[in-house]
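Quick setup: one chain, the form predicted alone, written in structure tokens, and binding and motion questions come after.
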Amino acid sequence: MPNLRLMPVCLFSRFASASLVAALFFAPAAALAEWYQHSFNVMGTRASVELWQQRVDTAKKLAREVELEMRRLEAAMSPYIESSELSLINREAFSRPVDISPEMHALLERSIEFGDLSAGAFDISFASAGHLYNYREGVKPSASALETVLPAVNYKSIKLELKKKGGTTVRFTKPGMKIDLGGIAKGYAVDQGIRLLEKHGVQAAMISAGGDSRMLGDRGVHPETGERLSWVIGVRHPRDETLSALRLPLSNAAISTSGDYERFFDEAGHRYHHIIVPDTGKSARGVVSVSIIGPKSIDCDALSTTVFVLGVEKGLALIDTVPEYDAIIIDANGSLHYSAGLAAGK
């Protein structure tokens, strides 16, 4: 893991950020260049692009290209947009094979791979039960309603098939099946944004979308010591957005945090949130926040959901088998747990 170490702060210590944002603002030593930052709403969250560029007009153009790319992906992969490719799949894939784009095929294939890796803890068909929750209205499904839809929750019932004349189709073998790419699509979008910036020669940047962030290069040079500076990322306190749980210096790395505070409602002392256990259709318990650090946002995104569902013991056991990726878990008692690589200080 490049340039990774835990900052010497206590759990739930105060920090400048309420979420995953950079906390150091020293500029690289260049006379004309400067940092440019652009924020926008996309994929149901707040996204931002920050990059180092010699010309402001070029920086604005590149940041806008990143925004347009993320909006393109939202239009294709949102379950809330009726015209999206994902919505078409959810409407038609049980009744007939649906032609899909190479990009959708790649994401579905990767999602199935994570299903296999996690023995079903990561399952994009959780939406077959998840759509019964309304977090804004505080509505949860009854036990009988869950029992009715749970047979449709099984990623192995998603079938990708190559056509003889080229292209791919997807079909569902279970009635009532729905899929949701919320556990992987934002990470993919962040990676796509970084690829776009790299294509244009950008060497220092950060793209964030909700809990998913990826850093390209570092944060510049300290003006007095000449030391290269890492991006310093704050992982938010899961029960107080004005506090952070810890700070992480990162360069050329991605981080994804999944928490039970993103979409939720509380009722009778229980929190009902959007991270669903596929086997039960209910919100995962025992963990309140999982952060995954590694090279790619798409994998960090999927793994943070996976580890959250698995819980501390099984989640750490899984992540210790995945090279180049590490985990930080905050359990329901507020205790921190680290994967073997972080615990050993690697």
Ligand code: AMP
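Because the structure is a prediction, the values reported are computed rather than measured. Throughout, we count residues from 1 along the sequence that is shown.
Keep in mind that the form predicted in complex with this ligand is not shown, yet the notes after this line are about it.
* To do: Verify the contact flag for residue 159: yes if a non-hydrogen atom of it lies within 4.5 Å of a non-hydrogen atom of this ligand in the predicted bound form, no if not.
  => The answer is no: residue 159 has no heavy atom within 4.5 Å of this ligand.
Q. Taking heavy atoms only, is residue 122 within 4.5 angstroms of this ligand in the predicted bound form?
A. Residue-level check for residue 122: yes, a contact with this ligand.
Exercise. Look up in the predicted bound form whether residue 231 has a non-hydrogen atom within 4.5 angstroms of this ligand, and give yes or no.
Key: Looking in the predicted bound form, residue contacts with this ligand do not include residue 231, since no heavy atom lies within 4.5 Å.
Exercise. Hey, in the predicted bound form, is residue 188 touching this ligand, heavy atoms inside 4.5 Å?
Worked result: Judged by the heavy-atom cut-off of 4.5 Å, residue 188 is well away from this ligand in the predicted bound form.
query: Thinking of this ligand in the predicted bound form, which stretch from 143-151, 240-248, 177-185, 216-224 has heavy atoms inside 4.5 Å of it?
result: Checking each option against the 4.5 Å cut-off leaves 177-185.
| message | Between this ligand and 263, 275 and 304, in the predicted bound form, does every residue show a non-hydrogen atom at 4.5 Å or closer? | response | The answer is yes; 263, 275 and 304 each reach this ligand.
_So this ligand isn't shown here. In the predicted bound form, which residue out of 70, 49, 293, 309 has a non-hydrogen atom within 4.5 Å of it?_
Selected option: 309.
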